[in-house]
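You are given structure tokens for the same protein chain in two forms, set apart as structure 1 and structure 2.
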Structure 1
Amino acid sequence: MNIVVLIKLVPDLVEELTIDSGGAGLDLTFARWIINEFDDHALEQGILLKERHGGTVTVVAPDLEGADDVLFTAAAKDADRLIKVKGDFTMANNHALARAFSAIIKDLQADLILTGVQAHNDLDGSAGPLLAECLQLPYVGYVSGVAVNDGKSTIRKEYPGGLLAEMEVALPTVLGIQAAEQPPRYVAVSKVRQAMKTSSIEELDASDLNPDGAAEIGRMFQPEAAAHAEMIEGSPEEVSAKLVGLFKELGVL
């Protein structure tokens, strides 16, 4: 089975992000790029399927700072093939990402394409369904379990309210992984360094970074504090009395 995992790199939210001078985007000049959390689960699910059913896992990532580390870490987790797509992806939206990656994935002739169900910078929709549209393949999102048998994939899909559904999808297909069947495995730094010596990253050029189809951003704003917490001081009896008074004012009591 030929499994392809699409990795999206996102700005690290631990770092302070600012709006650029144009006012319609983030200043990503010094941004630290990390693997999207859900894509890490997609990678883990791909490795689990390989261990269970055999086959190969190919990991595809855009050419952003930190991509090499992400790809070599995937190799340390037992990915077979590493591909870095060359192009200016700094401001690329998911429409452009899907078009660029679809051409490469077609050539890979994948049986199963896995990607994270969403990312924190998905301003124009999730990458998975957009990729499926470009490939003209079925898509199932919010997946938390995958089994493959006789050219078909049995999917466990989560719905709001704790509901689960099980459905069968013919391969090839695109799946948006919400959670792998086990947490993403940890690999030691020494193993990643070993992968750097024994694995190689293929570089392919992006054929199309066309962003058309996404909503146009007119202006971005930093969130403003609208109110502040009020600290109630005093003895327990005094605090209780003040709380009761506030609840009565709000109509709760």
Structure 2
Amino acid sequence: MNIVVLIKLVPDLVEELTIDSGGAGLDLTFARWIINEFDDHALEQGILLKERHGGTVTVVAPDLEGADDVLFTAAAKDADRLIKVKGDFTMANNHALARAFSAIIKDLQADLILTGVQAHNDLDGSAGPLLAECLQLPYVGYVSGVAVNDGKSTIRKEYPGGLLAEMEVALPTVLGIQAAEQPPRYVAVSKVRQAMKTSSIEELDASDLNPDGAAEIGRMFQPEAAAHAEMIEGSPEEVSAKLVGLFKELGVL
């Protein structure tokens, strides 16, 4: 079975976010790009399926700062083939990403294409369903379990409140992974270093970075909260004493 995992890199939310001088986009000059956390779950699900059914896992990522790290980490987790898609992806939206990736994934004869259900900067839709339509494949998102039998996949799709739907999806398909069946595995830095020596990254050119399909953004801003919490200050002891008082006042103690 050929499994392809599509990875999107996103600015790390732990870093301070600033708006650029134009006022309509993020200033990404110093952004730290990290793997979209749900793509990490997609990779884990791909590796789990390979362990269960055999086959190969190909990981595809856009050429952004940090892509090599993400790809070699995937290799250390036992991904077989690493592809970096060359092009200027800093400002590329998901429509452009999906079109570019579809041109490359088309040739990979994938049975299953896994990607994160969404990313925090999805302003024009999510990469998975956009890619699925470019490839004319079915799409199901919010997936937290995948089994493969007899040329079709049986997936578990999440609804609110813990309800799951079991669905059958014809292969090949694109699935938007919400959570892998087990938490993404940890790999030691030494294994990643080793992967850097033993595996290589193929570089392929993005044929097309066509962004059509998004709305124009007039302005970006940081939300002004209607209110801000009243901050309780002091040493841990002082804060605790105030909290105990507060719990009493609120009638829960």
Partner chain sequence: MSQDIYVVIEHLRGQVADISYTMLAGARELSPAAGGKVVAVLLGHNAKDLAKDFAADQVLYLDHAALAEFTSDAYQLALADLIGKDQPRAILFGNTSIGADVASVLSMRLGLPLVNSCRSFTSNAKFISQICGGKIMAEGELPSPTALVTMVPGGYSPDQGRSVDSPPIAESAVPALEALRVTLSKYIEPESADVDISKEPLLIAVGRGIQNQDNIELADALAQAIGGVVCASRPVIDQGWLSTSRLVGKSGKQVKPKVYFAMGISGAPEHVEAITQSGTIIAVNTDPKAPIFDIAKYGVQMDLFELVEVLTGQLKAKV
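Heads up, when I say rigid core I mean the largest set of C-alphas that superpose within 1.5 Å between the two forms. Numbers follow structure 1, counted from its first residue as 1. Fair warning: this is a prediction, and the values are worked out from it, not measured in the lab.
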Mark the structure, either 1 or 2, that is the form predicted together with its partner chain. 2
Glu16 C-alpha moves between the two structures by 2 Å or more, core aligned: no
Once the core is aligned, please say if the CA of Val189 is shifted by at least 2 angstroms between the two structures. no
Degrees of turn, smaller rigid part against larger, between the two structures? 55
Core-referenced Cα shift (Å), His228, between the two structures: 3.4
Once you lay the two forms on top of each other by their rigid core, how far has the C-alpha of Glu237 moved between the two structures, in Å? 20.3
